[in-house]
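First comes one chain, alone, set out as C-alpha coordinates in the form predicted on its own.
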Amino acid sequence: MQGTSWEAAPWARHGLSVLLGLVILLLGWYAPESEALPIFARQTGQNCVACHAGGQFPELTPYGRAFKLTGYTLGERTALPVAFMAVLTGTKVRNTNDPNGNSTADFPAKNRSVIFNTASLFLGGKITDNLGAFIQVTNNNYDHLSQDGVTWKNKFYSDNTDLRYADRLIGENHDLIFGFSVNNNPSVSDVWNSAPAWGYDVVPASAWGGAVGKIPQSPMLAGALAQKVVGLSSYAYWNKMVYAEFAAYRTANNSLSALSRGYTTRDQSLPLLSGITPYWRLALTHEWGAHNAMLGVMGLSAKQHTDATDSSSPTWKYNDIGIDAQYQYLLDPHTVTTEVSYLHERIHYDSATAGQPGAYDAAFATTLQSLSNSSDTLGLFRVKTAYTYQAKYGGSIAFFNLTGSYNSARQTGVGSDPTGGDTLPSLSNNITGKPDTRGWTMEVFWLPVQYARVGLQYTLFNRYQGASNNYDGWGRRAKDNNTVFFYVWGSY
(Lines give C-alpha, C1' and ligand atoms only; values in the text may rest on other atoms or scores of the structure.)
Protein backbone atom coordinates (compact mmCIF):
# COMPACT_ATOMS: atom_id res chain seq x y z
CA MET A 1 0.00 0.00 0.00
CA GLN A 2 2.83 2.39 0.68
CA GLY A 3 5.08 1.32 -2.14
CA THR A 4 6.50 3.60 -4.76
CA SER A 5 3.70 2.97 -7.27
CA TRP A 6 -0.02 2.36 -7.28
CA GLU A 7 -0.39 -1.29 -6.39
CA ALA A 8 -2.92 -3.86 -7.49
CA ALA A 9 -4.51 -4.35 -4.06
CA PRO A 10 -6.11 -0.90 -3.80
CA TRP A 11 -7.44 -1.23 -7.32
CA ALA A 12 -8.95 -4.61 -6.49
CA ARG A 13 -10.45 -3.40 -3.23
CA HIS A 14 -12.14 -0.57 -5.04
CA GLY A 15 -13.30 -2.51 -8.07
CA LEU A 16 -16.88 -1.49 -7.39
CA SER A 17 -15.85 2.14 -7.60
CA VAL A 18 -14.17 1.58 -10.95
CA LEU A 19 -17.32 -0.17 -12.17
CA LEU A 20 -19.42 2.78 -11.06
CA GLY A 21 -17.19 5.13 -13.01
CA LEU A 22 -17.61 3.01 -16.13
CA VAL A 23 -21.37 2.95 -15.67
CA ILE A 24 -21.39 6.76 -15.52
CA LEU A 25 -19.48 6.90 -18.79
CA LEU A 26 -21.78 4.38 -20.46
CA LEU A 27 -24.85 6.32 -19.38
CA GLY A 28 -23.30 9.35 -21.00
CA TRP A 29 -22.60 7.53 -24.29
CA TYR A 30 -26.27 6.60 -24.66
CA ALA A 31 -27.76 9.90 -23.50
CA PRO A 32 -29.67 11.93 -26.12
CA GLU A 33 -27.49 14.58 -27.76
CA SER A 34 -29.92 17.39 -26.89
CA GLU A 35 -29.48 16.79 -23.18
CA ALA A 36 -26.28 18.09 -21.62
CA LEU A 37 -25.75 18.71 -17.93
CA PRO A 38 -28.63 17.38 -15.84
CA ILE A 39 -31.63 19.45 -14.82
CA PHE A 40 -30.69 22.65 -16.65
CA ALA A 41 -29.89 20.92 -19.94
CA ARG A 42 -33.18 19.06 -19.85
CA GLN A 43 -34.93 22.33 -19.06
CA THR A 44 -33.35 24.39 -21.87
CA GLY A 45 -32.85 21.66 -24.46
CA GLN A 46 -29.26 22.85 -24.93
CA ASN A 47 -26.10 20.77 -24.80
CA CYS A 48 -23.05 21.39 -22.61
CA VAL A 49 -21.22 23.88 -24.79
CA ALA A 50 -24.13 26.32 -24.72
CA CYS A 51 -23.70 27.02 -21.00
CA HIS A 52 -20.17 25.79 -20.29
CA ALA A 53 -16.96 26.91 -22.01
CA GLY A 54 -15.83 23.98 -24.14
CA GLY A 55 -18.26 21.79 -22.22
CA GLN A 56 -16.14 22.18 -19.08
CA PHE A 57 -18.46 22.40 -16.14
CA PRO A 58 -18.66 24.63 -14.15
CA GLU A 59 -17.02 27.34 -16.34
CA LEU A 60 -19.82 29.47 -17.81
CA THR A 61 -20.30 31.03 -21.24
CA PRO A 62 -22.26 34.29 -21.77
CA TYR A 63 -25.40 32.18 -22.28
CA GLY A 64 -24.68 30.22 -19.11
CA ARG A 65 -24.22 33.45 -17.20
CA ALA A 66 -27.53 34.79 -18.49
CA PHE A 67 -29.24 31.54 -17.48
CA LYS A 68 -27.95 31.84 -13.91
CA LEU A 69 -28.58 35.59 -13.61
CA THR A 70 -32.19 35.15 -14.72
CA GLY A 71 -32.76 32.71 -11.88
CA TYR A 72 -32.33 29.38 -13.68
CA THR A 73 -35.71 30.02 -15.35
CA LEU A 74 -34.95 29.92 -19.10
CA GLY A 75 -36.74 27.06 -20.86
CA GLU A 76 -39.58 24.87 -19.69
CA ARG A 77 -39.99 23.45 -16.19
CA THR A 78 -39.10 19.76 -16.04
CA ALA A 79 -41.21 17.10 -14.39
CA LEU A 80 -38.26 15.67 -12.44
CA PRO A 81 -35.77 18.44 -11.54
CA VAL A 82 -33.19 16.03 -10.12
CA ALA A 83 -29.62 15.12 -11.10
CA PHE A 84 -26.82 13.00 -9.70
CA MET A 85 -23.04 13.45 -9.75
CA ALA A 86 -20.29 11.05 -8.73
CA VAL A 87 -16.50 11.35 -8.65
CA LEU A 88 -13.98 8.54 -8.88
CA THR A 89 -10.47 9.58 -7.85
CA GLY A 90 -6.92 8.35 -7.41
CA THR A 91 -4.19 10.28 -5.59
CA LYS A 92 -0.46 9.74 -5.20
CA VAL A 93 1.66 12.08 -3.07
CA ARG A 94 5.40 11.98 -3.72
CA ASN A 95 6.53 11.29 -0.14
CA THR A 96 4.30 10.22 2.73
CA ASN A 97 6.99 9.06 5.16
CA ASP A 98 7.98 10.54 8.50
CA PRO A 99 11.66 11.20 9.41
CA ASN A 100 12.17 7.56 10.40
CA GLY A 101 10.92 6.28 7.04
CA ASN A 102 7.56 5.10 8.38
CA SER A 103 4.23 5.82 6.75
CA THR A 104 2.09 8.28 8.69
CA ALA A 105 -1.60 8.95 9.11
CA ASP A 106 -1.28 12.42 7.63
CA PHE A 107 -2.41 11.07 4.29
CA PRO A 108 -5.88 9.60 3.87
CA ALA A 109 -6.81 6.16 2.63
CA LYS A 110 -7.33 7.64 -0.80
CA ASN A 111 -3.59 8.11 -1.24
CA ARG A 112 -2.31 5.57 -3.78
CA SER A 113 -5.81 4.13 -4.13
CA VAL A 114 -8.63 4.52 -6.63
CA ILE A 115 -11.84 5.16 -4.76
CA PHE A 116 -15.42 6.24 -5.12
CA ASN A 117 -14.72 9.55 -3.43
CA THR A 118 -17.86 11.61 -3.37
CA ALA A 119 -21.38 11.89 -4.77
CA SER A 120 -23.91 14.71 -4.97
CA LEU A 121 -27.63 15.02 -5.50
CA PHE A 122 -28.92 18.17 -7.23
CA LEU A 123 -32.36 19.72 -7.10
CA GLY A 124 -33.15 22.82 -9.08
CA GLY A 125 -34.24 24.60 -12.16
CA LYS A 126 -37.32 26.62 -12.95
CA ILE A 127 -39.99 26.87 -10.26
CA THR A 128 -41.98 29.79 -11.67
CA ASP A 129 -41.25 32.33 -14.43
CA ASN A 130 -39.23 34.37 -11.93
CA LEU A 131 -38.11 31.83 -9.35
CA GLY A 132 -35.49 29.11 -9.68
CA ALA A 133 -32.96 27.17 -7.66
CA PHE A 134 -29.67 25.31 -7.55
CA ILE A 135 -29.48 22.98 -4.51
CA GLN A 136 -26.69 20.47 -3.94
CA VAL A 137 -26.24 17.93 -1.15
CA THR A 138 -23.10 15.81 -1.01
CA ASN A 139 -21.77 12.67 0.61
CA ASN A 140 -18.00 12.39 1.18
CA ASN A 141 -17.03 8.74 1.55
CA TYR A 142 -13.64 9.50 3.14
CA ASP A 143 -14.37 12.51 5.28
CA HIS A 144 -12.58 11.69 8.55
CA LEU A 145 -11.03 8.92 10.61
CA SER A 146 -12.97 7.27 13.42
CA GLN A 147 -11.67 7.42 16.97
CA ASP A 148 -9.63 4.26 16.43
CA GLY A 149 -7.56 6.20 13.87
CA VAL A 150 -7.97 3.40 11.32
CA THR A 151 -11.48 3.40 9.88
CA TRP A 152 -12.56 6.11 7.49
CA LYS A 153 -16.03 7.54 7.99
CA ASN A 154 -18.30 9.23 5.49
CA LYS A 155 -20.24 12.45 5.98
CA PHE A 156 -23.40 13.77 4.40
CA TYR A 157 -23.50 17.56 4.25
CA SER A 158 -25.17 20.55 2.65
CA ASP A 159 -23.30 21.81 -0.39
CA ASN A 160 -23.80 24.90 -2.54
CA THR A 161 -27.32 26.31 -2.45
CA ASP A 162 -28.61 29.22 -4.52
CA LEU A 163 -32.33 30.10 -4.52
CA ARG A 164 -33.14 33.06 -6.81
CA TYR A 165 -35.87 35.47 -7.74
CA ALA A 166 -35.02 37.37 -10.94
CA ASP A 167 -36.58 39.54 -13.61
CA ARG A 168 -35.43 41.18 -16.84
CA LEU A 169 -36.40 44.52 -18.35
CA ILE A 170 -35.49 44.95 -22.02
CA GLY A 171 -36.07 48.16 -23.95
CA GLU A 172 -34.75 49.88 -27.02
CA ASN A 173 -31.72 51.23 -25.17
CA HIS A 174 -31.49 49.11 -22.05
CA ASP A 175 -31.24 45.54 -20.84
CA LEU A 176 -31.49 45.17 -17.08
CA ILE A 177 -31.36 41.88 -15.20
CA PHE A 178 -31.99 42.16 -11.48
CA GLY A 179 -32.77 39.77 -8.68
CA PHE A 180 -32.25 38.36 -5.23
CA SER A 181 -30.40 35.25 -4.07
CA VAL A 182 -30.56 33.26 -0.86
CA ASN A 183 -27.34 31.23 -0.70
CA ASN A 184 -24.83 29.64 1.66
CA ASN A 185 -21.46 30.60 0.20
CA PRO A 186 -20.15 34.11 -0.50
CA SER A 187 -19.37 34.28 -4.26
CA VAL A 188 -21.39 31.14 -5.13
CA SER A 189 -23.87 33.56 -6.68
CA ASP A 190 -21.15 34.85 -9.02
CA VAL A 191 -21.21 34.03 -12.74
CA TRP A 192 -17.52 34.45 -13.60
CA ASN A 193 -14.96 31.67 -13.30
CA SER A 194 -12.46 33.82 -11.42
CA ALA A 195 -14.72 34.01 -8.36
CA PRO A 196 -13.43 31.97 -5.38
CA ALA A 197 -16.38 29.55 -5.43
CA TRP A 198 -15.93 28.53 -9.07
CA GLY A 199 -12.58 29.52 -10.48
CA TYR A 200 -9.91 27.25 -9.06
CA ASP A 201 -9.69 23.72 -7.71
CA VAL A 202 -13.30 23.01 -8.66
CA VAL A 203 -12.86 19.31 -9.41
CA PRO A 204 -14.36 17.58 -6.36
CA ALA A 205 -11.69 16.19 -4.02
CA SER A 206 -8.78 17.66 -6.00
CA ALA A 207 -7.88 20.29 -3.37
CA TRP A 208 -4.70 21.62 -4.99
CA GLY A 209 -3.71 18.12 -6.00
CA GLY A 210 -4.73 16.56 -2.69
CA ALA A 211 -1.37 17.23 -1.02
CA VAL A 212 -1.05 16.89 2.73
CA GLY A 213 -1.78 20.42 3.84
CA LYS A 214 -3.43 21.78 0.71
CA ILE A 215 -3.12 25.55 0.91
CA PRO A 216 -2.27 25.81 4.62
CA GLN A 217 -4.19 29.04 5.12
CA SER A 218 -6.16 31.33 2.85
CA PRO A 219 -8.32 34.45 3.05
CA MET A 220 -11.81 33.96 4.44
CA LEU A 221 -13.35 34.89 1.09
CA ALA A 222 -11.53 31.97 -0.54
CA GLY A 223 -13.93 29.38 0.88
CA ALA A 224 -13.68 29.53 4.68
CA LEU A 225 -17.41 30.32 4.99
CA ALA A 226 -18.61 28.00 2.22
CA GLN A 227 -21.72 26.04 3.27
CA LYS A 228 -21.44 27.49 6.79
CA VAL A 229 -23.41 30.72 6.41
CA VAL A 230 -26.68 31.91 4.95
CA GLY A 231 -27.13 35.22 3.21
CA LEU A 232 -29.42 37.35 1.12
CA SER A 233 -27.94 39.15 -1.86
CA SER A 234 -29.38 41.62 -4.33
CA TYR A 235 -27.82 42.06 -7.76
CA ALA A 236 -28.23 43.90 -11.04
CA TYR A 237 -26.61 43.53 -14.48
CA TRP A 238 -27.04 46.52 -16.82
CA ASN A 239 -26.64 46.40 -20.60
CA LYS A 240 -24.20 43.48 -20.36
CA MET A 241 -21.67 45.99 -19.09
CA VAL A 242 -21.97 46.63 -15.35
CA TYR A 243 -22.66 44.08 -12.63
CA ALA A 244 -23.22 44.95 -8.96
CA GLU A 245 -24.08 42.74 -6.00
CA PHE A 246 -24.43 43.30 -2.27
CA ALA A 247 -25.08 40.57 0.29
CA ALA A 248 -25.38 40.14 4.04
CA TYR A 249 -24.47 36.82 5.72
CA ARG A 250 -24.77 35.25 9.16
CA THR A 251 -23.86 31.86 10.62
CA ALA A 252 -26.21 29.14 9.36
CA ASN A 253 -27.08 27.74 12.77
CA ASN A 254 -30.24 27.03 14.77
CA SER A 255 -33.29 27.29 12.47
CA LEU A 256 -31.02 27.83 9.45
CA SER A 257 -28.79 24.81 10.07
CA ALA A 258 -30.20 22.93 7.05
CA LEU A 259 -27.84 25.04 4.93
CA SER A 260 -24.81 24.01 6.99
CA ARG A 261 -25.60 20.37 7.71
CA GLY A 262 -22.42 18.46 8.50
CA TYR A 263 -20.85 21.36 10.43
CA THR A 264 -21.42 22.22 14.09
CA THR A 265 -20.35 24.90 16.56
CA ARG A 266 -19.76 22.10 19.04
CA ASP A 267 -16.72 20.76 17.16
CA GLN A 268 -15.75 24.29 16.02
CA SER A 269 -16.23 23.36 12.35
CA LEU A 270 -19.04 25.90 12.05
CA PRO A 271 -17.67 29.42 12.61
CA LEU A 272 -19.72 31.68 14.85
CA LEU A 273 -19.93 35.11 13.25
CA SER A 274 -20.73 38.24 15.22
CA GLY A 275 -23.55 40.23 13.67
CA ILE A 276 -23.91 40.61 9.92
CA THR A 277 -21.09 39.91 7.48
CA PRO A 278 -21.34 42.08 4.33
CA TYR A 279 -20.10 40.91 0.92
CA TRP A 280 -19.98 43.05 -2.21
CA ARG A 281 -19.07 42.64 -5.85
CA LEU A 282 -18.62 45.02 -8.82
CA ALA A 283 -17.64 44.06 -12.37
CA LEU A 284 -17.28 45.62 -15.81
CA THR A 285 -17.83 43.33 -18.80
CA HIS A 286 -17.56 43.52 -22.57
CA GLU A 287 -18.37 41.14 -25.42
CA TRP A 288 -17.07 41.44 -28.98
CA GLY A 289 -17.34 38.71 -31.57
CA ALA A 290 -16.02 35.46 -30.16
CA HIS A 291 -14.42 37.27 -27.23
CA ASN A 292 -15.67 38.38 -23.83
CA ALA A 293 -13.86 39.86 -20.84
CA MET A 294 -14.52 40.93 -17.26
CA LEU A 295 -12.67 43.08 -14.72
CA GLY A 296 -13.98 43.04 -11.17
CA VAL A 297 -13.48 43.76 -7.50
CA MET A 298 -15.00 42.14 -4.43
CA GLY A 299 -14.84 42.40 -0.68
CA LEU A 300 -15.97 40.91 2.62
CA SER A 301 -15.79 42.01 6.25
CA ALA A 302 -16.43 39.55 9.08
CA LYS A 303 -16.09 39.27 12.83
CA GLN A 304 -15.64 35.70 14.05
CA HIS A 305 -15.77 34.53 17.66
CA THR A 306 -12.72 32.61 18.84
CA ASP A 307 -15.03 30.07 20.52
CA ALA A 308 -17.85 28.88 18.27
CA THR A 309 -19.87 27.77 21.28
CA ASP A 310 -19.69 31.09 23.11
CA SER A 311 -21.18 34.26 21.63
CA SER A 312 -19.45 36.31 24.35
CA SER A 313 -15.96 35.09 23.40
CA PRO A 314 -13.47 37.55 21.82
CA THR A 315 -13.75 38.21 18.11
CA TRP A 316 -11.18 38.42 15.34
CA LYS A 317 -11.97 40.76 12.45
CA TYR A 318 -11.28 39.76 8.85
CA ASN A 319 -11.23 42.36 6.08
CA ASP A 320 -10.88 40.88 2.59
CA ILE A 321 -10.65 42.70 -0.70
CA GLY A 322 -9.90 41.26 -4.10
CA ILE A 323 -9.46 42.07 -7.76
CA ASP A 324 -10.09 39.59 -10.56
CA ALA A 325 -10.36 39.34 -14.32
CA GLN A 326 -11.42 36.87 -16.96
CA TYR A 327 -11.01 36.52 -20.71
CA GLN A 328 -12.75 34.00 -22.97
CA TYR A 329 -12.43 33.08 -26.63
CA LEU A 330 -15.31 30.88 -27.79
CA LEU A 331 -15.33 29.86 -31.44
CA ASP A 332 -15.78 26.21 -32.36
CA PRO A 333 -13.63 24.13 -32.29
CA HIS A 334 -11.47 26.25 -29.93
CA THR A 335 -12.21 27.48 -26.42
CA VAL A 336 -9.80 29.48 -24.27
CA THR A 337 -10.48 30.79 -20.78
CA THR A 338 -8.01 32.73 -18.64
CA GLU A 339 -8.81 33.92 -15.14
CA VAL A 340 -6.67 35.76 -12.63
CA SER A 341 -7.39 36.91 -9.09
CA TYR A 342 -5.68 38.41 -6.07
CA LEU A 343 -7.21 38.41 -2.58
CA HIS A 344 -5.73 40.43 0.27
CA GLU A 345 -6.79 39.92 3.88
CA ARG A 346 -5.99 41.71 7.10
CA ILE A 347 -6.85 39.96 10.36
CA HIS A 348 -7.23 42.09 13.50
CA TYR A 349 -7.02 40.20 16.78
CA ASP A 350 -9.08 41.13 19.81
CA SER A 351 -6.92 42.55 22.60
CA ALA A 352 -8.25 39.85 24.92
CA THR A 353 -6.50 37.19 22.82
CA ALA A 354 -3.23 39.03 22.20
CA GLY A 355 -1.35 37.10 24.88
CA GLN A 356 -2.66 33.65 24.11
CA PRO A 357 -0.12 30.86 23.51
CA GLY A 358 1.28 30.66 20.03
CA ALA A 359 3.36 27.63 19.22
CA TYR A 360 6.85 26.13 19.13
CA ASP A 361 9.57 28.78 18.91
CA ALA A 362 11.63 27.78 15.88
CA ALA A 363 14.20 30.50 16.45
CA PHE A 364 15.17 29.35 19.93
CA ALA A 365 13.86 25.77 20.01
CA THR A 366 12.39 26.39 23.42
CA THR A 367 8.89 26.76 24.80
CA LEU A 368 5.63 28.02 23.41
CA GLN A 369 5.48 31.65 22.38
CA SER A 370 2.69 34.16 22.80
CA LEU A 371 0.79 35.55 19.83
CA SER A 372 3.31 38.00 18.43
CA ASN A 373 1.10 40.28 16.33
CA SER A 374 -1.99 42.38 16.89
CA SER A 375 -2.84 41.81 13.23
CA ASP A 376 -1.74 39.68 10.28
CA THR A 377 -2.00 39.82 6.51
CA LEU A 378 -2.53 37.21 3.82
CA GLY A 379 -2.29 37.52 0.06
CA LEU A 380 -3.45 34.87 -2.40
CA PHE A 381 -2.62 35.25 -6.11
CA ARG A 382 -3.97 32.74 -8.63
CA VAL A 383 -3.99 32.57 -12.41
CA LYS A 384 -5.27 29.81 -14.68
CA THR A 385 -5.57 29.25 -18.42
CA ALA A 386 -7.57 26.41 -19.94
CA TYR A 387 -7.92 25.31 -23.56
CA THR A 388 -10.46 22.89 -25.06
CA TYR A 389 -10.59 21.52 -28.59
CA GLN A 390 -13.87 20.29 -30.09
CA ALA A 391 -15.37 20.31 -26.57
CA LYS A 392 -13.58 17.00 -26.00
CA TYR A 393 -9.85 17.42 -25.41
CA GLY A 394 -8.06 20.01 -23.38
CA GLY A 395 -5.69 21.06 -20.68
CA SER A 396 -4.98 23.81 -18.20
CA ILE A 397 -2.15 25.31 -16.23
CA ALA A 398 -2.53 27.26 -13.00
CA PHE A 399 -0.13 29.13 -10.74
CA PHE A 400 -0.80 29.93 -7.09
CA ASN A 401 1.16 31.97 -4.57
CA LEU A 402 0.12 32.46 -0.95
CA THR A 403 2.07 34.97 1.14
CA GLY A 404 1.58 36.28 4.65
CA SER A 405 3.11 38.04 7.62
CA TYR A 406 5.19 36.25 10.26
CA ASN A 407 3.42 35.17 13.44
CA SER A 408 4.60 32.66 16.03
CA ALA A 409 1.02 31.40 16.33
CA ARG A 410 1.37 29.90 12.87
CA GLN A 411 4.17 27.65 14.10
CA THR A 412 3.30 24.14 15.22
CA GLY A 413 5.49 22.14 17.58
CA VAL A 414 7.99 19.61 16.37
CA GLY A 415 9.55 18.39 19.61
CA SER A 416 13.11 19.17 20.62
CA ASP A 417 14.67 15.88 19.51
CA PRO A 418 13.83 14.75 15.95
CA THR A 419 15.61 11.41 16.54
CA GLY A 420 14.28 10.74 20.02
CA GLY A 421 11.12 9.39 21.52
CA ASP A 422 8.93 12.46 21.15
CA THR A 423 5.59 12.08 19.42
CA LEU A 424 6.10 11.93 15.68
CA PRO A 425 5.17 15.21 13.97
CA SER A 426 2.45 16.04 11.55
CA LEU A 427 3.90 16.41 8.07
CA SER A 428 2.06 19.72 7.79
CA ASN A 429 4.00 21.27 10.69
CA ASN A 430 5.28 24.82 10.30
CA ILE A 431 8.43 26.07 12.04
CA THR A 432 8.78 29.22 9.93
CA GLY A 433 5.85 31.17 11.32
CA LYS A 434 4.79 32.10 7.77
CA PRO A 435 2.12 30.52 5.54
CA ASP A 436 3.96 31.11 2.25
CA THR A 437 3.07 28.42 -0.27
CA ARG A 438 3.72 28.52 -4.02
CA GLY A 439 3.30 26.10 -6.88
CA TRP A 440 1.71 25.02 -10.15
CA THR A 441 -1.12 22.70 -11.17
CA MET A 442 -1.12 21.23 -14.69
CA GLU A 443 -4.00 19.21 -16.05
CA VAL A 444 -5.04 17.31 -19.16
CA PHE A 445 -8.63 16.21 -19.58
CA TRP A 446 -10.96 14.42 -21.95
CA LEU A 447 -14.73 14.76 -22.27
CA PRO A 448 -15.80 11.54 -24.03
CA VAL A 449 -19.44 12.64 -23.73
CA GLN A 450 -21.13 15.70 -22.31
CA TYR A 451 -21.98 13.85 -19.12
CA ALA A 452 -18.43 12.91 -18.14
CA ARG A 453 -14.93 14.27 -17.78
CA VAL A 454 -11.71 12.33 -17.22
CA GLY A 455 -8.66 14.22 -16.04
CA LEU A 456 -5.11 13.92 -14.78
CA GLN A 457 -3.54 16.67 -12.67
CA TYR A 458 -0.05 17.21 -11.37
CA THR A 459 0.52 19.76 -8.62
CA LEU A 460 4.07 20.74 -7.73
CA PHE A 461 5.13 22.88 -4.78
CA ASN A 462 8.33 24.91 -4.77
CA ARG A 463 7.46 26.52 -1.44
CA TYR A 464 5.33 25.21 1.41
CA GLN A 465 4.57 26.58 4.87
CA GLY A 466 7.18 29.32 4.48
CA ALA A 467 10.14 27.34 3.13
CA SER A 468 11.39 25.18 0.28
CA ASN A 469 13.29 22.84 2.60
CA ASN A 470 12.76 21.67 6.17
CA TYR A 471 9.51 23.57 6.66
CA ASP A 472 8.42 21.12 9.38
CA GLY A 473 11.64 20.92 11.42
CA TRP A 474 12.13 17.28 10.41
CA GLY A 475 13.68 17.80 7.00
CA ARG A 476 10.55 17.67 4.88
CA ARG A 477 10.78 19.55 1.58
CA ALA A 478 8.04 21.43 -0.25
CA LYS A 479 8.39 19.11 -3.25
CA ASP A 480 7.64 16.09 -1.05
CA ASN A 481 3.99 17.21 -1.31
CA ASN A 482 3.95 17.07 -5.13
CA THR A 483 0.83 15.16 -6.10
CA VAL A 484 -0.61 13.23 -9.04
CA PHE A 485 -4.41 13.31 -9.08
CA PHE A 486 -6.65 11.29 -11.42
CA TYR A 487 -10.42 11.63 -11.62
CA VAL A 488 -13.54 10.53 -13.44
CA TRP A 489 -16.26 13.14 -12.92
CA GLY A 490 -19.68 12.19 -14.20
CA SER A 491 -23.29 13.28 -13.83
CA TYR A 492 -26.71 12.16 -14.97
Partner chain sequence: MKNTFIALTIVATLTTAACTNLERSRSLGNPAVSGRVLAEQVCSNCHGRTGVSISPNFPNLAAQTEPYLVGQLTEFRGHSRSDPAGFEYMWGLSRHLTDEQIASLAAYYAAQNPKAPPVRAHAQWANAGQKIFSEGIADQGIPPCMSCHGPQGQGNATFPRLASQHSDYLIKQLMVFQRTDERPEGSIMKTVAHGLTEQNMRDVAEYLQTLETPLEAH
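All values reported here derive from a predicted model rather than from experimental measurement. Positions refer to the first chain, counted from 1.
Below: the form predicted together with its partner chain, not depicted.
Visitor: Which of 217-225, 377-385, 284-292, 316-324 has heavy atoms within 4.5 Å of its partner chain in the model of the complex?
Guide: Among the candidates, contact is made by 284-292.
Visitor: State yes only if every one of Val49, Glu76 and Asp167 has a non-hydrogen atom within 4.5 Å of its partner chain in the model of the complex; otherwise state no.
Guide: Judged in the model of the complex, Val49, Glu76 and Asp167 all sit within 4.5 Å of its partner chain.
Visitor: Are any of the heavy atoms in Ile397 no more than 4.5 Å from a heavy atom of its partner chain in the model of the complex?
Guide: Answer no; every heavy atom of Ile397 is more than 4.5 Å from its partner chain in the model of the complex.
Visitor: With a cut-off of 4.5 Å between heavy atoms, is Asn97 one of the residues that contacts its partner chain in the model of the complex?
Guide: Judged by the heavy-atom cut-off of 4.5 Å, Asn97 is well away from its partner chain in the model of the complex.
Visitor: So in the model of the complex, does any heavy atom of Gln147 sit within 4.5 Å of its partner chain?
Guide: So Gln147 does not count as contacting its partner chain.
Visitor: Does its partner chain come within 4.5 Å of any heavy atom of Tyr63 in the model of the complex?
Guide: Because a heavy atom of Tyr63 falls inside 4.5 Å of its partner chain in the model of the complex, the answer is yes.
Visitor: So which of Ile135, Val340, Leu131, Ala83 reaches within 4.5 angstroms of its partner chain in the model of the complex, heavy atom to heavy atom?
Guide: By the 4.5 Å heavy-atom cutoff, the listed residue in contact is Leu131.
Visitor: Under the 4.5 Å heavy atom criterion, name the residues of 383-405 that approach its partner chain in the model of the complex, in sequence order.
Guide: The stretch 383-405, when checked against its partner chain in the model of the complex, contributes no residue at the 4.5 Å heavy-atom cut-off.
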